[in-house]
Each structure stands twice: as structure tokens, then as C-alpha cells.
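Below sits a lone chain in C-alpha cells, taken as the form predicted alone.
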């Protein structure tokens, strides 16, 4: 327990948390902004009497406190979400901006359970973790106003970063465990990805041509299933990388084989392909927002320095 407490009591500059904050804010803007851009706010988030498609879900305490889901309240929450997301991207307002964004976003996206998706809940969870984190300590307007510089290397508690890692690993792992049909699991035909790409409710355009590449969809199905089911190994690899100075053959093997990097690269590829071929809202963006948390400040700044030197 002492070792456990000591590990989570470590401090580091909040660069990973700042990148996480920026990407989460962008995800909020994407999720709400796409509805506004399509002109669907009155359709999906207004009552039937106000032009909505169906009776709205009741009981959200924020909406109840504001007087109910009137068009004025709904639009107020929509703009609060958008402005809050922008404040998060810019890094202004600290935890207050995150709290306002979280309350407004969760309130408006809970109005109609026939729209949206699991990404709404993931964004809500991400906002909660942002509220816990000192995410505007660096790479933010708050930092600029406080220190006169855009960055601040003052060490901050790093335990929230590990909660972020835990959250996304849990998402992938439980998602993989739920894929139990013969189209997904070993011993089946690995045809799940092919059939998904044939469904108009998922694909972005006509995907009948994919039948010529059925083998590649099978490979993609198999790799994604194993990648998700064994996602806890990604969390373990991040821990082993953070404690590389300790002994242990398994730790040494994980670090030597760059398991953490392999998982990250596969994840980026998966989400870019999903975003390009499937209409799944901001799912890819909010999922990728968690990725910077797998690396500490020193690793991120070293990688940035290498990129700048090559440029």
C-alpha cells in the first residue's frame, strides 16, 4: 500500500493533462456543433409542441432548475456547451469552465435517448476527469495570465493522469468483452467489420466494393477484437514504462518490445479508419483525447523536441 500510495502521489508538469483538456474541449464542440450546423437542435432537443420529434426525457436537475426544456433553456445549454468547450481549448476559467461545460453538455444530451451514442457518456466522463485535473496549469490562457508564459513546468499531482488511462482502458476492454458473436471471436468467420460497413446506419458512403477486400476486413476484425480484449495490457505497459528503473523480466520485456507504443499506433489507425469510413459522431475524437495520458511530461516534451529538430 505504501508503494501504491507513493506511485500515485508523484508529481509532474501537467502537460499530458493540458493536451487531454484541449482534445476533450474539441470533442464537446464537435458533438454539439455538428447538431447546430445540421439545424437539428429543434428536432431532437425540443418538445413535440415546439417542433421536436418526440417527448423528451424528464428529470435532469439542471434543466428542472432552469424551468424545464423550453426552447430558450435548450439553446442556452447548447451555447453554454459550445462556449465552455472553446474555453477548455483555450484554457481559460480553470475548473469553473469545465464544470459549466459538463453540466450543460450532460443536460442537453440527456434530453433525447433516441439520439447521440455512447460517446456522449464518454465525453461526460472525460469532463468529470478534467474537473479533477489541474488541466489549465499549462498550455493555456490561464497560464499566460498567471505566469506571463504559455507553459509552466511546476510539478502537479499526476494521479488524475492514471485515472484517465484507467478510463479508456476500461472502455476498450469492456467493449471487447461484449463482442461475443461468431462474427467477432476466434473460431468464427471474423466478418463483423465487413457487415458493419454494409449497414447504411453506420457507413459514410456505399461500401459494397469492400467485398473485394473481404480478407482485409477479416484481418481488421481479428486485430481489433484482440486489441480490445487485451486492452489491460496497454495500461500495464504504461505503468511499466513509468517504472522502468525497477527490476523485473516482464517489465523489461514490455519496455523492450514497446508494447505501449504498439497499442497506441494501432489505436490511432483504428480510429482514423473508423472516422473515415463510418458515421459514429465524435467517438474517435473523444477516444483519442485520452491517449496523451499514457505519456509523462518528459516523454511528450522530448518527442516534441525531436519533431521540431526534424522540421
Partner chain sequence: MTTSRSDLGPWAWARAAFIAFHLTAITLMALPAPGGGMSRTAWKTPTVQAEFRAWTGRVNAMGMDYTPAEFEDTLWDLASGLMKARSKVLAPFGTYYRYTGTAQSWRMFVAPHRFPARLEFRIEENGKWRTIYATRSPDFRWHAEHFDHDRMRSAVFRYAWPHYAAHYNRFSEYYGRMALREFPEATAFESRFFAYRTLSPEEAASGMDPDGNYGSSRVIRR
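Positions refer to the first chain, counted from 1. Source: prediction; values computed, not measured.
One more form of this protein exists, namely the form predicted in complex with its partner chain; it is left out here, but the text below deals with it.
Participant: Although the partner isn't part of this model, could you tell me whether residue 234 comes within 4.5 Å of its partner chain in the predicted bound form, counting any heavy atom of the residue?
Facilitator: No, residue 234 stays farther than 4.5 Å from its partner chain in the predicted bound form.
Participant: Taking 4.5 angstroms as the cut-off for heavy atoms, does residue 65 touch its partner chain in the predicted bound form?
Facilitator: Residue 65: no contact with its partner chain in the predicted bound form.
Participant: With the partner left out here, check for me: in the predicted bound form, does some heavy atom of residue 250 sit within 4.5 Å of its partner chain?
Facilitator: No - in the predicted bound form, heavy atoms of residue 250 and its partner chain never come within 4.5 Å of each other.
Participant: Under a 4.5 Å heavy atom criterion, is residue 2 part of the interface with its partner chain in the predicted bound form?
Facilitator: Although its partner chain is absent here, residue 2 would touch it in the predicted bound form, with heavy atoms inside 4.5 Å.
Participant: Heavy atoms within 4.5 Å of its partner chain in the predicted bound form: which of the stretches 85 to 93, 103 to 111, 69 to 77, 137 to 145 has them?
Facilitator: Single hit among the candidates: 103 to 111.
Participant: Taking its partner chain in the predicted bound form, which residues of 44 to 76 have any heavy atom within 4.5 Å of it?
Facilitator: If the 4.5 Å heavy-atom criterion is applied to its partner chain in the predicted bound form, 44 to 76 yields 44, 45, 48, 51, 52, 53, 54, 59, 61.
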